[in-house]
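Shown below, as structure tokens, is a lone chain in the form predicted on its own; questions about how it binds or moves come after it.
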């Protein structure tokens, strides 16, 4: 009888080791190696599998007609925006987010919307009982006849149930970490179980044209728990974000094989579930204080959607040898670079001050175009001078102190004009396109102030603190 083979799999990164050690050599995490048998299933030795002769496949020319992937609209406009226009039949999506953020609420509402459109839906819960899911659906007014509900964690039982009837249009698994399959011998939630369970469900979805939505837990670092290979197996990865102290939620795409990867959907959490926010800029700017120093409005972009958000800065003298640098909603390394440029090229001394930076509403900025707005907020807080309430800022800053144009300037300006802003501060040349051959027209209701050097912006803001201030920006 052949000796059974054992291996040790890291529960953090999924790497395989022939022997146990206290620390994983791949990711450096401690006490994450778990013993698993490698006789069958995922990770089995080549000799354990039956060798079969493959068959030739047909090769087609790369040049040919390309058809757009068919879509099924979910009935929720913000969700359709994030997925690229709706669900693609046969695709697999992975939705991650913090506990209690609203993942199950969103998917319950999406299931009800598809059921109202005549599509069959199956909702499998591995964490809640049937009665709990029914109570949530009743509270959300999402009780529909075309939704099949089950509380099951065995992959084999789920597949047998699905094969007993017609393939559903949408299959929701909440969550993938609770499933287990008989093909591998390991505990539910382990790397091997998560990978094998996801593979079996994705294989069924691809074969029958079912839309598969997997819910994934996230770690304390905000990443989806389990092996990263699951993110490579699915067609789209969506993150549901939001702060506990704020009532809105953001659905962000980080991977999408059938659409853009930089779109967001904005929802507002209420007693009746998640409500769509058609104009996020009004939500993020709803509680502005026009007379407070250190507040600048940034005109950002999320995919094809312009979003205006307030950036708040507080600069205070520090009693510590090493001043504090606290950032919420932006990259801390980017803030360190902006502080260095302000001190080196603008004469703005912040080395003996604590600096606190916050993006209002818990929104996260992912683009470097916020450099100019952050700089304006920092200088305004240091000088104690409020910025003009009708001004918006956007632009990138180089290490030399020069400003650089950013993309989608006309869309940013159009959104600012729509919300009643009268002045935009932006880098010189932002409206030029096609290497300067053509120039985009600026909105007629906006005054454009083009800044070529960051020192120019600093001088204009600091001049407002003098007895005879110049026209501020």
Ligand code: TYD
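All of these numbers come straight from a predicted model, not from anything done at the bench. Numbering follows the first chain given and starts at 1.
One more form of this protein should be noted, the form predicted in complex with the named molecule, which is absent from this view; the next part is about it.
- This chain is displayed without the named molecule, yet in the predicted complex the stretch 263-271 from 351-359, 263-271, 322-330, 374-382 comes within 4.5 Å of it by heavy atoms.
- With the partner omitted from this view, the residue of 90, 102, 126, 189 that lies near the named molecule in the predicted complex is 102 [heavy atom within 4.5 Å].
- When you look in the predicted complex, the only residue of 314, 113, 233, 140 with a non-hydrogen atom within 4.5 Å of the named molecule is 140.
- The named molecule in the predicted complex comes within 4.5 Å of a heavy atom belonging to residue 136.
- Contact check for residue 80: no non-hydrogen atom falls within 4.5 Å of the named molecule in the predicted complex.
- For the chain shown alone, residue 241 is not a contact residue for the named molecule in the predicted complex, no non-hydrogen atom being within 4.5 angstroms.
- The named molecule in the predicted complex comes within 4.5 Å of no heavy atom belonging to residue 367.
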